[in-house]
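One chain comes next, on its own, written out as C-alpha cells in the form predicted on its own.
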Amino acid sequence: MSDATLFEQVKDEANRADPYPLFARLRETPVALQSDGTYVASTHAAITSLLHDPRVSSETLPPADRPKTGNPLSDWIVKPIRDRITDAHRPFIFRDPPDHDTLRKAVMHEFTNARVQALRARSHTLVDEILTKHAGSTEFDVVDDLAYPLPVTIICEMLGVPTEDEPRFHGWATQLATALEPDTLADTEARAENSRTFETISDYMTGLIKEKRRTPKDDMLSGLAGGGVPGVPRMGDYDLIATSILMLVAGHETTVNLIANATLALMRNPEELASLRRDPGRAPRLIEEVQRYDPPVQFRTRRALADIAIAGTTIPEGADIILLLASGNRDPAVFTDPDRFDPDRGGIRHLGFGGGLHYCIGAPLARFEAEAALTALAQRLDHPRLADDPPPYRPGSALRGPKHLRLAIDGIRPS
C-alpha cells in the first residue's frame, strides 16, 4: 500500500524543487487513499480514465463564504445573497455539463483564428521589446523580466483591458491562483483574502463590461458581452465576470510557469539550448516535452458523484479526488526513460493540458507565448548561466514554478 501521507509531502514546500521521487512512490498504488480521505490518482491510465468519466465532477469549490464586516445589514442580508450568486456562477472549470458546455462554447467562439494568429505575432513583438529593454544587463530574471509581463499583456489585450490597468491584473491573478491549492480551502485568512480580491476584480470587470457594451471593440470581452453565440444562451453578467476572471488567472499564471520551467530545463540541458539556438523550429517539440516533463499544472481536484471502481480500489461517492497530472506524465508504463528531458521522443501523450471536457481552452495561447519566449531567449541571451540551482520556488504545489529564475549573462544580442 502507498504511504497515506505522500500527498501531504508533495504539498510540503521542502519538496517543491523536486516532487518527482514522491510521484514515483505514489504510482506504486495507482489510486491511493490518503490520511485525509482524499484519493490520489497517479498513473497515466488511472488519470486518463477519471478525466473522461462522467461520474467525476469538477464542482469542487467549497461554498462561498465572504468574510463578515461587522455590519449586521451586510452580514445577514447582503453577504448571503452575494455568496449564493457566486456559488451559482462559478468559473466553468468548476462547472459540470450542461452549464460547463454552454459557457465553454461561448468562449471558444471568441477564439477565432484571426485573433489567435494576431496574438501569436504580437507575442514575438513583445518578447523582442522586453529583451531590448534589458540590453546591456549582465543578469536577467526570466520570471520577473519576461515570464510575468508577457502573458499578462497578452491576456489583457485579448480581453480588451486598458494598458494602464495591466499592473493591477498581475497582482489579482497571483492572489486568485492560490484558490487552486488544496490547503487554501482550510485557511480562513487565505480564503478571506481571495474573497476580497474577487470582489475587487468583479467590481472592475462590471464597469469594463458596461463600457464594452456601450462601445464594443475587437476584443474577446466585447464579443462575449455583445450578441453571443448563435444557438447558445447569451452569457449573463455574473457568468461573464467569472469567465473573465478565469481567463485572466488561467491564461496568466500557468504560462508564467511554463516559460520558467522550460527555461530551467534548457539551462540544465545545454545541448538542447544549443539545438534550439541553431534550429528555432524545434520549439514546438520542446514545449510539448516540457508539458510532460515539468508541467506548470501539477494536479487538479475532482469529486466522485458515485462509487467508482478503478485500479483495484473503489472511490466512494462524495470523495475528493486528486488527478496528479505531473505524475502520470512520468509513468514508465507510457514513457520510455520518463525522467529524461527529451524533446525528440515521439508520440507524447502528456496530460499537461488536462483532458476530456476540461482540456485547456488556452492551450494554443500558452504554446505560442512559450515559443516566442524560448526562441528569443535562445537566440539573444549571450552565455546564460543559472545563478541558483535549484531556484527558489513559489509556494503553490498545484501551479508549480520558480518564484525567480535568475540568469547570469554576458549581454543581450540585438534582435
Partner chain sequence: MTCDHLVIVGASLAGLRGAEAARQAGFAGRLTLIGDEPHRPYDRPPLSKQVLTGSVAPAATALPNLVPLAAEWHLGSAAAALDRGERVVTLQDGRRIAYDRLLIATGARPRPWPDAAQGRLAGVHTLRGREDAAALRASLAEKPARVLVIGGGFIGCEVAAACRDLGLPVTLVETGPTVLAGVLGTYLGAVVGALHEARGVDLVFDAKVEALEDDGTGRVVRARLADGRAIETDCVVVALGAVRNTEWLTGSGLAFDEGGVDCDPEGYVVDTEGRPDKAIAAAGDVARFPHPLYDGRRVALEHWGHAAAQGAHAARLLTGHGAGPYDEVPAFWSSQGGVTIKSVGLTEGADSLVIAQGDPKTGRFLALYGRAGRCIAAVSFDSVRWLPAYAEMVAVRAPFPPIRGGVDQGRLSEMAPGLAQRDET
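Fair warning: this is a prediction, and the values are worked out from it, not measured in the lab. Residue numbers count along the first chain shown, from 1.
There is another form of the same protein, the form predicted together with the partner chain; it is not shown, and what comes next is about it.
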For the partner chain in the predicted complex, the stretch among 134 to 142, 251 to 259, 73 to 81, 301 to 309 with residues bearing a heavy atom within 4.5 Å is 301 to 309
Would R55 sit within 4.5 Å of the partner chain in the predicted complex, counting heavy atoms only?
yes
Would you please decide whether T60 lies within 4.5 angstroms of the partner chain in the predicted complex, comparing each non-hydrogen atom pair?
no
Check P98 for me: does it contact the partner chain in the predicted complex (non-hydrogen atoms, 4.5 angstroms)?
yes
According to a 4.5 angstroms non-hydrogen atom cut-off, is C360 in contact with the partner chain in the predicted complex?
no
